[in-house]
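Below sits a lone chain in structure tokens, taken as the form predicted on its own.
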Amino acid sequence: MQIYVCIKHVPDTAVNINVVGECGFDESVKFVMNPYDEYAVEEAIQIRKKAGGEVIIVSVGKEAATKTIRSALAVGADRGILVKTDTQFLDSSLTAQALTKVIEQDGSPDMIFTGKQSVDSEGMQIPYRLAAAFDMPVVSDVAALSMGDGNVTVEREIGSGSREVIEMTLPCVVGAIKGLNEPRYANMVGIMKAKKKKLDQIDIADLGLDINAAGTKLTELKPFPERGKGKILQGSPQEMAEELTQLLKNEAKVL
């Protein structure tokens, strides 16, 4: 099987992001693999172990994203491909087109894995755009997966603790979420092997895409406002209700 996993190089959610200019931020912060993508990588490796084939990691991003691709190779993926861009926030349509072009040029996918969304731009479009481009069935928010007789059966989170059970034929696209599996950690042997694994780099300009045809454009980044301190109300229930009403009216201005 040829299993492609689309991952993204994103700022660690634990770091403080400092906005620079209108649309940039201080990129000296720690970057990691998009957390949802970790589950996609692990599931692909587990499937390869059972069914054979290879796991190919594909990413669209700056050259620094090679570090994140290497981290996927270190836990067991076979090779990687980076589509180089000069921006962190590439339009979802162009990202999907770039991923599609690269995968088409590289091979014939039996499965394509992604995370359900990226934690920086949170577009939540890539699984569906890839499925449309390859004319494949797609399910996102996948929390359980099994295979048999050319079919894939998945359980999809739909909220309130409920799940849908869906069966798809191969090839297909799967968007992973936390709980699908337990991602493994890279050991020293895996890290050393990853340095020797093939990692191709392709400039997005060489894919024949119209870079200026983006459907969306980032116009401004703003830091999230700090939350105000909470207030503890005291007194009788009536006194607290009256004070709360005044706070909502005069400070929060929601009444």
Partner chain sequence: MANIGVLIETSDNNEVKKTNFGVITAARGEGGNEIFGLLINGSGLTCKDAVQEYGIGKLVEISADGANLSSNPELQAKALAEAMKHFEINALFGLSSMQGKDILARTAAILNAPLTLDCVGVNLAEDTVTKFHFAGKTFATIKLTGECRICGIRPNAIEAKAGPCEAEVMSFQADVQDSGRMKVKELKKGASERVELTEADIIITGGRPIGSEENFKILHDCAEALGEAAVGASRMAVDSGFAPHDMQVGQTGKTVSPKLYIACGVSGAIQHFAGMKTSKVIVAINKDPDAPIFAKCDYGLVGDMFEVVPALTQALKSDN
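Numbering follows the first chain given and starts at 1. Remember, it's a predicted structure, so these values are computed and weren't measured experimentally.
Beyond the structure shown, there is the form predicted in complex with the partner chain, which is absent from this document and is the topic of what follows.
Although the partner is absent here, S162 sits close enough that one of its heavy atoms falls within 4.5 Å of the partner chain in the predicted complex.
Proximity of V139 to the partner chain in the predicted complex: non-hydrogen atoms within 4.5 Å are present. In the predicted complex, the partner chain sits within 4.5 Å of a heavy atom belonging to T169.
In the predicted complex, the partner chain lies within 4.5 Å of some heavy atom of E122.
None of D106, D78, E157, D110 but one reaches within 4.5 angstroms of the partner chain in the predicted complex through a heavy atom, and that residue is E157. Between 44-52, 29-37, 193-201, 65-73, the stretch whose residues reach within 4.5 angstroms of the partner chain in the predicted complex through a non-hydrogen atom is 29-37. In the predicted complex, the partner chain lies within 4.5 angstroms of at least one heavy atom of each of the following residues of 17-31: I17, V19, F25, in sequence order. If you compare C-alpha positions, A213 and A133 are 3 angstroms or more closer together in the predicted complex than in the form on display.
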